[in-house]
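Only one chain comes next, encoded as C-alpha cells, the form predicted alone.
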Amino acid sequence: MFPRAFHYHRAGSLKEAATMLSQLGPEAKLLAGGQSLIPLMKLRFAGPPHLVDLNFIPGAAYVKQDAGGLRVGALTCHADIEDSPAAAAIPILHDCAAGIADVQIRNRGTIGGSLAEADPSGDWAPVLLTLNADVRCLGPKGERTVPISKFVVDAYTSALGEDELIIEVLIQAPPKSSGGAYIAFKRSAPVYASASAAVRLAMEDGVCRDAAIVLGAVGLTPVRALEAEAALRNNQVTAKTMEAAAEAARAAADPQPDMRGSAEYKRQLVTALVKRGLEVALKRARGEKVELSHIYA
C-alpha cells in the first residue's frame, strides 16, 4: 500500500526544522530514521500532510566525549553508537545499540527518533534511565533540557512540544567501580522485545553503594524497580540478594498480554533477565570484560 499524499520539506538546520514544525502545525511529522513512521504511513495508520526531513542537516550525528560523559547527536544511528569507541567505554550502551533489530535497521534508525517515538517496547529509554541521562530539546522559543526520567510520560507520548525536536542526548559517565548491562528477550532479531532489563551497579569494597534497575516492554512506560534496587543497595551482591532483587523486579512489572506472551510469561522473563543482567553488571564493575547479547526464542 502507498502512503497518502504529503508535502515534503528538507530542513537545512535543527533551528530551521523547529521553525518548520511551528509554521506547518501539529500534524507535521519529522523524518529521522523513519523506521517507525514510514511503515505506519505505508499502512495508512499515519497520514501526515507535511513531512520534515532531518537527514540532510549537517553535524547532527555524533558521539563525543566531554568531561562529564558523552554527548550523542539526535540523528546518530544505532550502528554508529554500536561502533563508537567512546560509547564502548560504557558497555551498557553497546549492549543496547548492538541488540536493536537487524543491521539494516541499526544503520537507519536513530537514537533521537527512538526516544521521540516513546514506544513502550523501545530499547533506549530503559538504558538511559539507569545512566541519569538528559535530553536536549529545541523549539521556536529556544532550547531546554529534560531529564530522561521526565521525558517519557506515557505510551507513545513524550515531553516534546508539538513544535520541538530532540537535538542531543547527554549521558553521564558512570562512577568508577560500576558496571551496567542491558538484555532483552525477543522472538527474533527484527521484532521488539517481549521484556527487557537495564541494570547498573556501583560497587565499593564489595558492597553495592547504588543500583538502578529499569524494565522495558512490561508497562506503558519504562518501569523503575525501586524495591529491587533497595534489595541490593548497601548489601553485598550475592546469589541471594540478586534473587531478591529479581523477585522484586518481577513484582514491579505491569505487562499486558499480547502476541509476545501472557502477562505471567513476561513476569517470568523479567526475573530471568534481571538475574542475568546483574551477573554481568557485577563482573563489569569488577573490571572484567564480558560480552552480552540478547536472548532469542
Partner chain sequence: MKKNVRIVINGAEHRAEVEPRLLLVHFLREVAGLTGTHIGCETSLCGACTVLLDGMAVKSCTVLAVQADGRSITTIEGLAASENLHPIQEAFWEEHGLQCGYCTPGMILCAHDLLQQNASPSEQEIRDGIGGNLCRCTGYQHIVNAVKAASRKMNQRQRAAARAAD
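Numbering follows the first chain given and starts at 1. In this text the structure is predicted, and so the values were computed from the model without any measurement.
The form predicted together with its partner chain is left out here; the points below concern that form.
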{"item": "Residue among Ala155, Ala189, Val146, Ala89 with a heavy atom within 4.5 Å of its partner chain in the model of the complex", "value": "Ala189"}
{"item": "is_contact(Gln35, its partner chain) in the model of the complex, heavy atom dist at most 4.5 Å", "value": "yes"}
{"item": "Contact flag, Arg44 vs its partner chain in the model of the complex, heavy atom cut 4.5 Å", "value": "yes"}
{"item": "Partner proximity in the model of the complex: Arg10 to its partner chain, non-hydrogen atom cutoff 4.5 Å", "value": "yes"}
{"item": "is_contact(Asp53, its partner chain) in the model of the complex, heavy atom dist at most 4.5 Å", "value": "yes"}
{"item": "Candidate stretches 134-142, 215-223, 96-104, 201-209, one within 4.5 Å of its partner chain in the model of the complex by heavy atom", "value": "96-104"}
{"item": "Its partner chain in the model of the complex - contacting residues of 1-15, heavy atom within 4.5 Å", "value": "Met1, Phe2, Pro3, Arg4, Ala5, Phe6, His7, Tyr8, Arg10"}
